[in-house]
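One chain comes next, on its own, written out as structure tokens in the form predicted on its own.
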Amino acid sequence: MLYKTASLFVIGTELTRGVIADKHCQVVSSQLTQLGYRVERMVIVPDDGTIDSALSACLDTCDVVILTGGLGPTSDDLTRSIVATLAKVPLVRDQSAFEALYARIGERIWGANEQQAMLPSGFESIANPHGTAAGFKGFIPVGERSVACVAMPGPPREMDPMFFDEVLPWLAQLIGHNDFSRTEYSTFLLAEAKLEELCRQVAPEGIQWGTRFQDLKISLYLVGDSEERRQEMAQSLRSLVGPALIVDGDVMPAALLTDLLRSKAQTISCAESCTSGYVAKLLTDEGGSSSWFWGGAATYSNDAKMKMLGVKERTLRTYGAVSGECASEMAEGILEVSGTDYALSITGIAGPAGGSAEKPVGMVWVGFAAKGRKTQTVKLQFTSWGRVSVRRKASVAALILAGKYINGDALLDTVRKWQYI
């Protein structure tokens, strides 16, 4: 069978009542279009069984159906049973889904949660590391045809990684759609609107692009033409924003640093002021992080900087806490305390208050120190979209620049084109 057309069904009474806004239709449809599918319909239905008739009506004409929502433990979560009925198969316990759910919630699985491990017979479960509801994929027989069917949980933090990591590759393997070649990049510190503007500026004829916004990065997908031409477009983007902000593949910013430290069997420590431990959190998100991360100090007050890191009172009085001089002493202080190979520091003004004409909100200094190496500091000015945004971007920048420092790069040259952050 050839798979050319697709339909998307988003299930949730909160959506149909306007309590929350749909975030799936644009994401899913744009990615399916890039794969070469023709998206025929996108339907939002409540949690009342309406999906039964809506799904039945499209099976005769559609090759792929994608469902989001309705996989919870409550009585109105009907997606599993409706798909099983349409496929004319019973619901059976999927052992992998059961074991994953039991590992999450233990004995609480007995009762309403147990149904989250029940899947239509013959369908394959899709792991959900971010929630309790496994997804599933398989085929619904319709006469001589077999309609591909995928069901995913509704919350975006659960659906998005499942869709991009598991479902898209599976759909790409089906034959019949115009499968466009595509290349993925990870972009850092760039606003989505600015990235869109830059892509329009440099995209050659025959190449399309799509983006996926995440907390710490934006994934950029270039589609069409040849791999060489897509790489040329990526290089054009790098010439505008700097090569450090666009990297090949699906890469998180912490991995840029931790992979390097792991390969060198070296360690790092950090001293944070305005980010209050966010860098330490990112460096320890991965298991086994004690092999490269010694620890850190969240030295928010001036007193903490002096007592814990040895920052001089004269430095703070003369230059202030948000200065290259302070960032330098913070990095050197945590290096001495920890004995690690490298150390980084961050101090800045996250806002919303506390800024001035000389030191506006969004100004951040990062410092880097190492045994037998000259300490380097860099001043960055971030566009402020709120306190959380400044802290997040400062942490990402510190991770990127730490890797450059370790490799011996000149940090001022690295940030020379960072005018869009």
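By rigid core we mean the largest C-alpha set that fits within 1.5 Å across both forms. Note that residue numbering begins at 1 and tracks the sequence as displayed. Please read all numbers here as calculations on a predicted model, not as lab measurements.
From this point on, the text means the form predicted in complex with a further copy of the same chain, which you will not see here.
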Handout entry: Complete contact of R80, G355 and Q376 with a further copy of the same chain in the predicted bound form (any heavy atom, 4.5 Å)
Key = no
Fill in the blank from the handout: Interface check vs a further copy of the same chain in the predicted bound form: of I406, L399, L15, L411, the one with a heavy atom inside 4.5 Å is L15
Exercise for the section: Work out which of F139, Y300, W170, F98 lies within 4.5 Å of a further copy of the same chain in the predicted bound form, going by heavy atoms. Expected result: Y300
Exercise for the section: Report the stretch among 63-71, 362-370, 376-384, 25-33 that approaches a further copy of the same chain in the predicted bound form to within 4.5 Å, counting heavy atoms only. Expected result: 25-33
Exercise for the section: Tell me, yes or no, whether F188 is in contact with a further copy of the same chain in the predicted bound form, where a contact means a heavy atom of each within 4.5 Å. Expected result: no
Practice task
Using a 4.5 Å heavy atom cut-off, state whether A84 contacts a further copy of the same chain in the predicted bound form.
Solution key: no
Problem - Touches a further copy of the same chain in the predicted bound form: G296 (any heavy atom, 4.5 Å) - result: yes
Handout entry: 4.5 Å heavy atom contact, L59 to a further copy of the same chain in the predicted bound form
Key = no
Problem - Residues of stretch 26-48 in contact with a further copy of the same chain in the predicted bound form (4.5 Å, non-hydrogen atom) - result: Q26, S29, S30, T33, R38, V39, E40, R41, M42, V43, I44, V45, P46, D48
Practice task
Answer yes if the CA of L15 moves 2 Å or more between this form and the one not shown after aligning the rigid core, and no otherwise.
Solution key: yes
Problem - C-alpha of K404 off by 2 Å or more between this form and the one not shown on rigid core - result: no
Problem - Core-superposed comparison between this form and the one not shown, K307 Cα displacement 2 Å or beyond - result: no
Fill in the blank from the handout: Cα of E205 vs L35, shift of 3 Å or more in the predicted bound form, relative to this form: the pair sits closer
Problem - Closer or farther in the predicted bound form, the Cα atoms of P352 and R157, when the shift from this form is 3 Å or more - result: farther
